[in-house]
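As C-alpha cells, one chain now follows by itself in the form predicted on its own.
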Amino acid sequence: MISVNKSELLKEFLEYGKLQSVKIIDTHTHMHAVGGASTPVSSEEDCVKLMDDENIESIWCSTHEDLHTSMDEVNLGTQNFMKKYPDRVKGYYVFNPNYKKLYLESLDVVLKNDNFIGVKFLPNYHNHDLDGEGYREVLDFADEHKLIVLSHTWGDKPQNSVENVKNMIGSHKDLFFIMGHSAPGNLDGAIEVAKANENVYLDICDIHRHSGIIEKMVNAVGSERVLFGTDMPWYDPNYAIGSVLFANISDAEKENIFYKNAKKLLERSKR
C-alpha cells in the first residue's frame, strides 16, 4: 500500500510520526472520564499534550458531563475547558430538550462567549426528534445567528435519522449543519442531503474506520464538504488521521479535510 500511495503528506507522517506541514482542526470531540468506560485520554492536560504531539491546532468540544447530565449551570464543563485553553478549545453548547426552559435561558452565552462556535444535539440519547418541537427554538436561534449545529446522526435510527435531518434542514437554511458520524448505515442518504444543501457537512467521526468511506464522501460531495472529527477521547486522533492519509484522494483534498474546511466554516458562520 505504501509503495503505490504517492501522497507526500503520508510520506511526511511516516517519516516524522506526525504531520508537520499541515495543521489539523478536530471538529468533533468530547472530554473527561466516563463512568464504566476506558478511554485513551481523559484529563484535559493529556488531551492538549496529545494535540501537541499530533499537530492538532484546535478542537471543537462538548464535554461528557454536559452531554449526559442536567446542571444548575449548564455547559459548565465545556466553558471551564475553553477558559483554561482559550487558544486550543472551541465549544459546542449542548442543548438538552428534556430541560428546555433551563437551557433556553442560558442560550445567549453562545453569543457572549466567542469560543462557543454553536450547539450540539444528541436526539436519540435525549429521546427527542431532531425535527420535533423540542429543538425548534434553538434551531431558530442558530438559523437567525448563522451558527454551527453538530447533531448525532445514525443510519435510520429514529429521532436522528436522515429523514429527521431532511425535515429539519428544509426550514433552517442559514445554520451550518454538521451530520455527526454521517449516519452510519445510511451514508448514501447523508450524502444525498449534503448534495442538496450547501450548508450541510459530512463528518468522518467514527465512520472513517470503514474501508473506502473517505473516498466515497469526497467523490460524492467534494472534499470541501467533509470535516475531520475523531470523537476524542474515545479514539486516538492518529486513527482518523491515518484513514485520511491512506485514502485515495489528493493531498490538497486531504488538507481541506484536516484544516481548511473547518477554518472556512468558522469564517462563514458568525463565530
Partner chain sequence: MNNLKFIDCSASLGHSAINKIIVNHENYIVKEKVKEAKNTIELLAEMDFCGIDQAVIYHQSLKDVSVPFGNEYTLRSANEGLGRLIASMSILPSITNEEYSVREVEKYIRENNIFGVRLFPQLHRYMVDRITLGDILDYLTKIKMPVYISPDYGWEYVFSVMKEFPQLTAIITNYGLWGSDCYLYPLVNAYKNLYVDTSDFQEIRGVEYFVEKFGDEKMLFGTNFPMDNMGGPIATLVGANISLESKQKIASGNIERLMCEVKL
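Think of the rigid core as the biggest set of C-alphas that the two forms share within 1.5 Å after superposition. Note that the structure is predicted; figures quoted are calculated from it, not measured. Residue numbers count along the first chain shown, from 1.
Another form exists, predicted in complex with its partner chain; not displayed. Remarks below refer to it.
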For this session: Spot the stretch among 82-90, 185-193, 168-176, 107-115 with residues whose non-hydrogen atoms come within 4.5 Å of its partner chain in the predicted complex.
Result: 185-193
For this session: Tell me whether 99, 198 and 200, taken together, all sit within 4.5 Å of its partner chain in the predicted complex, counting heavy atoms only.
Result: no
For this session: Would you please decide whether residue 242 lies within 4.5 angstroms of its partner chain in the predicted complex, comparing each non-hydrogen atom pair?
Result: yes
Exercise. Taking heavy atoms and a 4.5 Å cut-off, does residue 53 contact its partner chain in the predicted complex?
Worked result: yes
Exercise. Do residue 39 and its partner chain come within 4.5 Å of each other in the predicted complex, heavy atoms counted?
Worked result: yes
Exercise. Would residue 215 show up as a contact with its partner chain in the predicted complex if we use heavy atoms at 4.5 Å?
Worked result: yes
Problem set entry | Sequence-ordered list of residues in 136-171 near its partner chain in the predicted complex, where near means a heavy atom within 4.5 Å | 154, 156, 157
Problem set entry | Exceeds or equals 2 Å, Cα of residue 35 between this form and the one not shown, core fit | yes
